[in-house]
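One chain comes next, on its own, written as structure tokens: the form predicted alone.
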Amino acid sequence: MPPLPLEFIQSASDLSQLPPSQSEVTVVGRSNVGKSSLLNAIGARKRLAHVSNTPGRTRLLNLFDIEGHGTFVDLPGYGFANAPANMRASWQAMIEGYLLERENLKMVMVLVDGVVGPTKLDIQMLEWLRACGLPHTVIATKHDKVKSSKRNKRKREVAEKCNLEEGDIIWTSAEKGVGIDKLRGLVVRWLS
């Protein structure tokens, strides 16, 4: 599938500042899991979203237009971030408010680090999404960083910890392009 035509629209610190959207997907995950890299890979653009080695650089709701399909929202990461405690606390309220109140939210993409596996915070996020009845899909990042001899075992472990079947998890590598075409197709389908 060709790259999705993503264009940055705006950043907002509150749901009320976002324009309406007919259809939307969003991405959540711990800080430094690769949300920005994945977004860049989906759009096949190196600088669409800023990639940083410092956890916690995404601090706002970042809205991107997917021409002809809908919008994509990049949310701040959870977990460790190089930011003041009061700022990190405000992110939780911002993220929860967005997820619970955003009309036309079709899918929450939950990114987990394929090397590290689901953290306690990832499991809490999945349990919270399930309790709230929000549609979500687990995306495992950094497929290329998992040794090929250990990939099958790793896929079983990640699925088990997420309480899912192996086939329910989409494995990706923003760097090598693994799973990106499949993910593009899914994003278009979710937005339809």
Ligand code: GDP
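When you see a residue number, it is the position in the sequence shown, counting from 1. This is a predicted model, so every value here is computed, not measured.
As for the form predicted together with ligand GDP, it is not shown, yet the points below apply to it.
For the options 42, 33, 125, 139, the residue carrying a heavy atom within 4.5 angstroms of ligand GDP in the predicted complex is 33. Among heavy atoms of residue 12, none comes within 4.5 Å of ligand GDP in the predicted complex. The closest heavy atom approach of residue 166 to ligand GDP in the predicted complex falls outside 4.5 Å.
Shown alone here, residue 181 lies farther than 4.5 Å from ligand GDP in the predicted complex, counting heavy atoms only. Among residues of the shown chain, residue 173 is one whose heavy atoms approach ligand GDP to within 4.5 Å in the predicted complex.
Between 153 to 161, 65 to 73, 130 to 138, 33 to 41, the stretch whose residues reach within 4.5 angstroms of ligand GDP in the predicted complex through a non-hydrogen atom is 33 to 41. Taking ligand GDP as it sits in the predicted complex, the stretch 109 to 145 comes within 4.5 angstroms of it through a non-hydrogen atom at 142, 144, 145.
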